[in-house]
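Shown here is one chain on its own, the form predicted alone, set out as structure tokens.
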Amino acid sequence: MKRIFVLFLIAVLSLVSFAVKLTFWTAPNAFQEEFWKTVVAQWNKMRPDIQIEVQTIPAAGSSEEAILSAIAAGNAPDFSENIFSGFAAQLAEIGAIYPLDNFGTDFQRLVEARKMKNIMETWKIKGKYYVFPIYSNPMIFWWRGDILKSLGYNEPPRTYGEIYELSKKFADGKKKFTMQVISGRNWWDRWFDFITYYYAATGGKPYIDVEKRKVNFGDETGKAVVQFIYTMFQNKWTAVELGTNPFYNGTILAKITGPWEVNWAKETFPKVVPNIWFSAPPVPDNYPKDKPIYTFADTKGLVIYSTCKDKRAAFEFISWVFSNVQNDVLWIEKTQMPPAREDLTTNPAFAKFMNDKFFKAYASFVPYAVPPALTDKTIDIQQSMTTNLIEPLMYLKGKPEDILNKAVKEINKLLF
């Protein structure tokens, strides 16, 4: 009996000694961190042979910058989340990430189990699948319904013209502005303003032709979008600086945001939350009333790096997490973000979330949410958008059409 116990102890110690130890980087978001720490704790308890350590992506100018720096220094994690499609294309181009379809039928079974076959097609990079999308956040506008009601509105404005009319009633150009039109000056902010507006105005048309490597937004619809942005700044119905929490303080009536703000809003401004209304991004006045309005999808996923110590072990963990629908239920509970699944509105596991007005609003836009262009020049393109398009519009540095034409010319140079 004693000999059996000794042999068992040796076996356990050997298993621990030879356990695969993997590092996983999570997004710098407290709610996402909480999700990953919860599922990893369950996994580590169940699988002593594959131990995973969760770390937050290091502080840097952006997650992309931190990851590229780690790759260059030879300190990349084994796998990570928070990868958008354009960054994935860049990582694939330099051979930094591993194709998930190399796992063959195991990968296909996971895709089928999570009901995401069509979603995966939008992530294909040169015929391969490098990213496992985790969530899809349609970008929608939040409105101060209480203030709109006081102005005689029963619903948010839909078109540019309707926003102009509302602006004349509310904005004074000093302490009150209609909406936050521009999200910021970082390259990624272009997803949440110009690109969103262009998707809305065109019915989801790509802003970049990736195959022909040229800009699409120099068209008539692009002109309408830049005229809208210019008009809002010209009339002081929006501003470059709007102060701290302008939406919640009543300085502005509307802002664009994603579901990541829901939990924070409920905790920080509980009195404002019941008065929030939702809408699609604004569209030109001639946009058909019976046509759905498209928007930008803030969608990110998970990748395994080419330097991963044990790619099969990493995939086993990924498969374990996402083949269980209850983990997507937990994801929603922790983050309020819709999982990248095609059965959100039909799977009984998610029915309870439809009672929440925020989740229901975001889930309703998932079919009309378009991911960013799959180009490895995303950062360069959107930095150029900031310099040559957004900043001149904000500061009224020229005529809108001239500003647009110059931006198109500069970005086409980058693409070629």
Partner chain sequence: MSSKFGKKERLFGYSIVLPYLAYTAIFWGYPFVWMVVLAFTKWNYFSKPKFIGLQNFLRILTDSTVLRIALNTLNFLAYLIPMVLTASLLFALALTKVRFGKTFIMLSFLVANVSSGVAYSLLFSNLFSINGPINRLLDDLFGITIPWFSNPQLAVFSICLIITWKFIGYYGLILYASLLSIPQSLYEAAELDGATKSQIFWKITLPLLNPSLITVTVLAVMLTFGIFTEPYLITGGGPMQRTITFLIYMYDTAFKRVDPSYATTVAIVTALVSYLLVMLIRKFFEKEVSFV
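Positions refer to the first chain, counted from 1. Values in this document were obtained by computation on a predicted structure and should not be read as measured data.
One more form of this protein should be noted, the form predicted in complex with the partner chain, which is absent from this view; the next part is about it.
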- request: Sort through 27, 68, 373, 54 and report the residue having a heavy atom within 4.5 Å of the partner chain in the predicted complex.
  value: 68
task: Just give me the single entry in 152, 127, 104, 95 that has a non-hydrogen atom within 4.5 angstroms of the partner chain in the predicted complex.
output: 95
query: Taking heavy atoms and a 4.5 Å cut-off, does residue 244 contact the partner chain in the predicted complex?
result: yes
task: Would you check, heavy atoms only and a 4.5 Å threshold, whether residue 21 touches the partner chain in the predicted complex?
output: no
message: Taking any heavy atom pair closer than or equal to 4.5 Å as contact, tell me whether residue 174 reaches the partner chain in the predicted complex.
response: yes
task: Please run the contact check for residue 387 against the partner chain in the predicted complex: heavy atoms, 4.5 angstroms, yes or no?
output: yes
- request: Would you confirm whether the three residues 143, 260 and 327 all fall within 4.5 Å of the partner chain in the predicted complex, going by non-hydrogen atoms?
  value: no
query: Which one of these stretches, 356-364, 58-66, 31-39, 44-52, sits within 4.5 Å of the partner chain in the predicted complex when only heavy atoms are counted?
result: 58-66
task: Counting only non-hydrogen atoms and a 4.5 Å cut-off, give the residues of 180-219 close to the partner chain in the predicted complex.
output: 185, 187
